[in-house]
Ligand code: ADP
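Encoded as structure tokens, the following chain is the form predicted on its own, with no partner shown.
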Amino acid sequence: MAALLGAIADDFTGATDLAGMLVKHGMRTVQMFGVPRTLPPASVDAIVVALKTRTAPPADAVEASLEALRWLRDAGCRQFLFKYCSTFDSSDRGNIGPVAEALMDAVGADFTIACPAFPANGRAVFRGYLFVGDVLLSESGMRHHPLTPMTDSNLVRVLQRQSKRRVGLVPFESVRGGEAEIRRAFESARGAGAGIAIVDAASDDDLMAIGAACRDLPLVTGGSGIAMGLPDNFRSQGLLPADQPAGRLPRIEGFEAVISGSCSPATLRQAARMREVAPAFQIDPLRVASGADVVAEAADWASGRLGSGPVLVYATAEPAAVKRVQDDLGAERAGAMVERTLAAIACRLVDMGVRRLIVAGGETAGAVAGTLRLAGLRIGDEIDPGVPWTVSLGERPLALALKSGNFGTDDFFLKAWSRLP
């Protein structure tokens, strides 16, 4: 049977986050890196195509997303989801608005929603404002993001600046009224001329109700939380079995390593916690820029330490240190250089016998997956909300956890190994 749900994610860890959510709610899911050239694996209910478009030029993001949509349509998918970060990472020029509108045009949709809420990770939307924990988005650590600083918490304003269609709001009162009331709010927003509506949500029950109300929308957009309510729509139509064990993975043996490129507050705490108890090698971007063979140095350092527990290779740094490097090298050059370096180190570690690998940071995960030439992942059960273990497709399988920078408890890098099959 063909896949039911086709998703397009704007970064690699976000794709894994979404895929894990679908598995948790009973859909056998694979994640593909980039637009595949072959048919999807058999016996899957959902396919997530992971792109690296969050910070790409808007025209490039639109082109890649439309290519992914065409492939997912050819794979037989019945409904489509555009997934972005639960912190709505973007700039005033895109890419959430331009991609969403291009996908709407392609599927013939005159209305869709935008809901990045993910209460399990502290993301809630109220009156159209996005909260991270107890503070507004604009007062959180995301205001210092090196590539997409978020300084406006009002998502209606943020998305309107990126969109040609009018952006409306489905308020909290409508959401708490349940599925039927949410559908009425959709029609009210559409009748008022809105093509996209931000939807308030502050609990998993809210997201389940919103997902049910989206049953007939050809395209849904949001964070991974919005996906928790979609599988039941297929189940109610007899297209998806109840109580399906969707997250079974084979056991993978080998050395263990963490590659950390994210500089988010959560990853800063995770790296600091791991450094207290495990060997760690820090990447200095200025040494890389000077021509030092940091990849060889990291491999030499790791060679005597692999096998006695997980090792950490990291470029994670405090905002002030990141700014100094960006001032010297430029933000884009510094980011790309660190990603390439970490990806090359990951490849060397795999050649040295690492088969269990955690990668922190969406851009870093994309670079690692590309360098390792991974075709895709079969998704297993979650470690923490938004972060599952996975096993790569292909002849040399790896156990991988691709972690969004903002996700995971402070001890994530330490406890994750105990959650492997």
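Start at 1 and count along the sequence shown; that's the residue number. Just so you know, these numbers come straight off a predicted model, no measurement behind them.
Note that the form predicted together with ligand ADP isn't included here; everything after this is about it.
I113 versus ligand ADP, in the model of the complex: is there a non-hydrogen atom within 4.5 Å? Flag for I113 set to no.
Heavy atom to heavy atom, is G361 within 4.5 Å of ligand ADP in the model of the complex? Close contact exists here: in the model of the complex, G361 approaches ligand ADP to within 4.5 Å, heavy atoms only.
Flag A315 as yes or no: does it have a non-hydrogen atom within 4.5 angstroms of any non-hydrogen atom of ligand ADP in the model of the complex? The answer is yes: A315 has a heavy atom within 4.5 Å of ligand ADP.
Quick one: does G168 come within 4.5 Å of ligand ADP in the model of the complex, counting heavy atoms only? Outside the cut-off, so no.
Counting any non-hydrogen atom inside 4.5 Å, which residue from E179, E339, E256, D232 sits next to ligand ADP in the model of the complex? For this set of options, the contacting one is E339.
Would you kindly say which of V325, L207, A189, M274 lies with a heavy atom within 4.5 Å of ligand ADP in the model of the complex? Selected option: V325.
In terms of non-hydrogen atoms within 4.5 angstroms, which of the given stretches 214-222, 92-100, 67-75, 317-325 touches ligand ADP in the model of the complex? Careful reading of the contacts points to 317-325.
Taking heavy atoms and a 4.5 Å limit, what residues of 136-160 are near ligand ADP in the model of the complex? Heavy-atom contacts to ligand ADP in the model of the complex: nothing from 136-160.
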